[in-house]
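Below sits a lone chain in structure tokens, taken as the form predicted alone.
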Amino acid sequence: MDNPFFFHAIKIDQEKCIGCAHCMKACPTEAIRIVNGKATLHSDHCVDCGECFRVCPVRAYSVTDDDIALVEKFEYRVAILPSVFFGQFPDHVSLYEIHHAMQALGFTHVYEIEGGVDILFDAINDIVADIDSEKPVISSFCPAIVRLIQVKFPSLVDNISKIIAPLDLAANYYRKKLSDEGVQPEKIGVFYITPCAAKIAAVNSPVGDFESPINGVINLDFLFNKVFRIIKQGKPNKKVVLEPELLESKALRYCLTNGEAKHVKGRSLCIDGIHNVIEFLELVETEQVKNIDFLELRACDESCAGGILIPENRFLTVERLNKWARYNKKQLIINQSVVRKSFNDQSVYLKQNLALKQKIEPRMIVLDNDRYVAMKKMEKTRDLMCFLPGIDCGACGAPTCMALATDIVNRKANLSHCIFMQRQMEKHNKLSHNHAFKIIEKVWGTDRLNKDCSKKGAKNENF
């Protein structure tokens, strides 16, 4: 395995959690249970997609990123920006103002991760054209999707593209660039401004590599507010280290839906939204869809524009990026000197270092490490499903009846957790009413069934 565990950027504040079960129902990998009236995480199941973060009505979920003060530890501070960062600003804010404000915050260099997408497109097309490649080739761009496949679709792990993500390519490039200028490696700090939690997790426990070239990851929402405040105050940094170069339109749109698939030869499909991805991967896994060369899969609706750390509406972000792309295209036609040329001098080095250093391994959720025991547990799970109602109501504290059956065989729950089975047991005098009530309290908390007019939807909700 690449790492013995998954680092998780998603955290639950038990004090804030009200046990509403919205997160449990939204989780695509059934990683959440309700215990004692609070959401709890099954770490092995979680892929840091952030769906729980989206639906929580009380903001009990948070994302663990790095403190911006970490930047000050390095003499050379490189900010790696995704293009969606620019889509957060009003139309009147220029690229120069954004770069200057970033430098006013302490970054000595600012660089967009999509600068080298031409190299990535060439590499992807080479893989797709290789007759020995597993088809469909699946993009390795979205770390939540990579983890999803490892956990939920292990048979498709070999289909994942074996090239590094644009983030790692950009970080490697800038480290090499500064090193070639004589800067000592220990003086270089590379920081990624992230639109999602999955990339934080990927940096802390990389898949397919031994370590990440990133020193820290900073919340995009947090940094945007700081940058925009500087711009509105009209105090740009006058000591500009590097003037920004214009990205081509395909680079700007790379992080959006159809940003990859559009440029891959052959039959290519793009699918966004993790539940849509799961539905389609089930078709691929069971060979109900065939003859697809490439799949661009993104966990968020509208891809990175829909990341959980994006402050702006995702559709407005897409509209703004498309405006940026059209503007840049006109400027590049007028003045070819502003086109990004940075990769030209190091393209050979970068192409030689595109491959992942480790094999991506499945992290499938197993019932037991002993295959014989696992088979017996699977058989018992199917037996339990004969009794469970199959309603998937979630009243047991598990998202589905199958999830409850799995928890039972793993001794994490009992059949009596199902309220329908409780009625059956009471009917046959196998469970007392008081005991049944205590079971419900164990799942949902001791005060959950008490009258409370202040809860959401009740008459005193706003008091």
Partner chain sequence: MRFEYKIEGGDFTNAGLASSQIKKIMKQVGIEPQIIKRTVIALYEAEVNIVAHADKGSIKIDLEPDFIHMILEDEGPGIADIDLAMQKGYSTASPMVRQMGFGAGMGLPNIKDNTDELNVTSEVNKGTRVEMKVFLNK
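Residue numbers count along the first chain shown, from 1. What you see is a predicted model, and the numbers here were worked out from it, not measured in a lab.
From this point on, the text means the form predicted in complex with its partner chain, which you will not see here.
Residue contact check: A374 to its partner chain in the predicted complex, 4.5 Å heavy atom: Heavy-atom contact with its partner chain at 4.5 Å: present for A374.
4.5 angstroms heavy atom contact with its partner chain in the predicted complex for D392: Contact check for D392: no, nothing within 4.5 Å of its partner chain in the predicted complex.
T286: touches its partner chain in the predicted complex, heavy atom cutoff 4.5 angstroms: So T286 counts as contacting its partner chain.
Its partner chain contact in the predicted complex: R253, any heavy atom under 4.5 Å: Flag for R253 set to no.
Residues D91, D122 and L316 all lining its partner chain in the predicted complex, heavy atom within 4.5 Å: Checked in the predicted complex: no contact with its partner chain for any of the three.
Residue (of K152, R320, R77, H99) lying close to its partner chain in the predicted complex, criterion heavy atoms within 4.5 Å: By the 4.5 Å criterion, the partner-contacting residue is K152.
Contacting member of K232, R326, K265, K290, with respect to its partner chain in the predicted complex [4.5 Å, heavy atom]: The residue from K232, R326, K265, K290 that makes the contact is K290.
Stretch in contact, per heavy atom within 4.5 angstroms of its partner chain in the predicted complex, of 175-183, 160-168, 190-198, 358-366: Contact-bearing stretch, as computed: 358-366.
Residues of 109-138 having any heavy atom within 4.5 Å of its partner chain in the predicted complex, listed in sequence order: Going through 109-138 in order - heavy atoms within 4.5 Å of its partner chain in the predicted complex - there is one hit, E134.
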